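Before any questions on how it binds or moves, here is one chain, the form predicted alone, in structure tokens.
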């Protein structure tokens, strides 16, 4: 599995260098970018980690970077670095999905604590997404008839009711149901229902 990285975006070279040095001192992978556009050009959504960005930058601001990442369906956690005058802006960013913000000057440990929390969150989000993707792949392996049976099983209908609804024999429904359980890798009806609910939550 790819090691998480800390992506640093700041137009101030001295800040970038200081943060890179801090990340290196605690054995965290890190890369730095002079602008939001430079970061976006090289950004790989499959790379885990978190983003540390100045909120005010020439060209594309930190907030605009956050919005662009959201439009790309990226869940990469973002920590903003702000000046005192930027606090209302940073609070607004939190409401719009940013992970955290730190007001300059801040202690190194404050930033590292925020980064560790953000990396843990990113790991959990990616794990959850991987699990949902696996369920979707299993669903796609079902035949149309198996999907019909699955829908009715999850709706709580008994085999005899499903047989009547689909004009099938009771035995045929049992066979389809068995195939559904096997393909979905569900050990019980309760587990099958939970798998389907997980996918529906993602779609909603």
Partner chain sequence: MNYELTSHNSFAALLDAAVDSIIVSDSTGIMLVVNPAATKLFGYQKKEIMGKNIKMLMPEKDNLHHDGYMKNYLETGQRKIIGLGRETTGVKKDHSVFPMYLSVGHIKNSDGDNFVGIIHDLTTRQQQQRQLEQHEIEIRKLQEKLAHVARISTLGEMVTGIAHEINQPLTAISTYAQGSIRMLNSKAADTTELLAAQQKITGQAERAAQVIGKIRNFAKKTNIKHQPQNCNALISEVASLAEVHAKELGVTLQLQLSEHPDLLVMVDGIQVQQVALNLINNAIESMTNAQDQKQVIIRTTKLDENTAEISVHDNGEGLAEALEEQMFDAFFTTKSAGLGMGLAICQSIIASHQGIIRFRRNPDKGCTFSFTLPTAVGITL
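Positions refer to the first chain, counted from 1. Just so it is clear, the structure is predicted and the values come from calculations on it, not from any experiment.
Omitted from view is the form predicted together with its partner chain, to which the following refers.
The stretch in contact with its partner chain in the model of the complex, judged by heavy atoms within 4.5 Å, is 107-115, chosen from 129-137, 93-101, 107-115, 71-79. Contact between residue 25 and its partner chain in the model of the complex is found at the 4.5 Å heavy atom cutoff. Proximity of residue 18 to its partner chain in the model of the complex falls within the 4.5 Å heavy atom cutoff. In the model of the complex, its partner chain sits beyond 4.5 Å of every heavy atom of residue 188. Within 4.5 Å of some heavy atom of its partner chain in the model of the complex lies at least one heavy atom of residue 56.
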